[in-house]
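Let's start with one chain on its own, the form predicted on its own, as structure tokens.
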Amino acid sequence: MEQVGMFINGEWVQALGGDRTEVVNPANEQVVAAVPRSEAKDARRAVEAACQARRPWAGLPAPERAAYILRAVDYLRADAERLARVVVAEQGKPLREARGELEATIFLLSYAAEWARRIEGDILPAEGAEETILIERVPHGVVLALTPWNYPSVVPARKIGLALITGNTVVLKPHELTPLSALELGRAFDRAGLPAGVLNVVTGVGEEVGAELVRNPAIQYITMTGSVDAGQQIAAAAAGNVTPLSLELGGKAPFIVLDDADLDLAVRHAVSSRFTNCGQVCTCNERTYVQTGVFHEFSERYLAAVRALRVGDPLDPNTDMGPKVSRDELDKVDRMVERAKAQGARVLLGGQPLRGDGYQRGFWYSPTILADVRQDMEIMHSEVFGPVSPLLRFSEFDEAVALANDSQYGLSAYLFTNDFRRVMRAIRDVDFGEIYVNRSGPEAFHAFHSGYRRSGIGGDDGRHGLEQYLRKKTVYLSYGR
């Protein structure tokens, strides 16, 4: 078991109280590392370091800030295979998915560095003679980044890169289940020579150290990816200091298959968008709606494709799906399936935790397809975040739109059709922040990732994501007498 420190003010330190939290491999329940379990005083130490570093960091020309990011990228690229295995060890996804996550991590940081010469302000005409008005875009100051367990490398990178290039300093608090990849990002920036205090990585339990960070008045902006419940608590705590924030929360993506769709294409993407990362993705296909005319054929093909998925050792190159991340998450999914069965759903495939050879230890759930599902069932409204796919048939396009919009969430939606008119109507009428037509994710990092309703506020990626890390300063400049 590796004893790991956290990164505060350019140093690798332990929690002042000396406590530690174990990191458990979801595939075999072995303890792979122990990290500091921070307390409020550790959180304050990290914020103070970020405060001291923020003005010198913001004063550097953006290309110089980019140079630090790109040096960190070089270290990540050289060490990518080991870092992918770190993701597997703490989170449980198959190695090929973890390798893809490291590629995305490197890309996101490189992309952020490209903004060095593209952060622009505005010049406006003034009312008076010999006057002008400037609108500058300036950093918030200290950014708090709270990140989830399902993508422990790429989500922190998504936030760190844009926050640093815009001149902010960062306190990063990764989820306690998966802190190792975030610490590896800290290590890469440490090796790159990043000035002390510009990036701080604090480990510990969210209810303890996270709450202290959110309430700290020195935090000038909060960016968080996680559950709706956690987002609500963070928003309430941030309200005391009126701290601006961006919340990327849950999803309940509808996957709509119309009767003119390419079924081979639809089935392939239905599988990937539901069972990638064991269904632990906020943009996952959480509810599949299929038009009556192709329902039987789609269901048969979909069932065969899901039955062929190989569930097992994430390090095996033939594995398609790994375990759930924790015992609590496994039990939650099982409860939801049992509740759906009690409400009348019929199990076509799976429907229970995996046991027996190869599954004696770890948090395994079988790829599951449910039929005879009704729209009023809990499974059609609560986020499963696991490998469970409920199927529901519909008759008319307008019915599909109404079913899709019947949700407290509004992050991602999928539509498969070759009818241009229905595509355009869906773009107009489906109330989700992202719509994928005849394809699934992942999202493009130069676009904008945001949701409606309980899926959050603000967003990530691209020009619009960059703007989240900047605030405007208006200058009325007179140069007359």
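We number the residues from 1 along the sequence you see. Keep in mind it's a predicted model, so treat the numbers as computed, not measured.
We do not show the form predicted together with nicotinamide-adenine-dinucleotide, though everything after this point is about it.
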Partner contact for G362 in the predicted complex: nicotinamide-adenine-dinucleotide, 4.5 angstroms, heavy atom: no
is_contact(D313, nicotinamide-adenine-dinucleotide) in the predicted complex, heavy atom dist at most 4.5 Å: no
Partner contact for K324 in the predicted complex: nicotinamide-adenine-dinucleotide, 4.5 angstroms, heavy atom: no
Distance check, R54 to nicotinamide-adenine-dinucleotide in the predicted complex, heavy atom within 4.5 Å: no
The single option of S273, Q291, T166, T225 touching nicotinamide-adenine-dinucleotide in the predicted complex, heavy atom within 4.5 Å: T225
Selected contact from D334, D372, D259, E176, since only one has a non-hydrogen atom within 4.5 angstroms of nicotinamide-adenine-dinucleotide in the predicted complex: E176
Option from 396 to 404, 193 to 201, 208 to 216, 179 to 187 whose residues, in the predicted complex, bring a heavy atom within 4.5 Å of nicotinamide-adenine-dinucleotide: 208 to 216
Site test, A157, S246 and G458 vs nicotinamide-adenine-dinucleotide in the predicted complex, non-hydrogen atom cutoff 4.5 Å: no
In the predicted complex: members of 404 to 430 within 4.5 Å of nicotinamide-adenine-dinucleotide, any heavy atom: L411
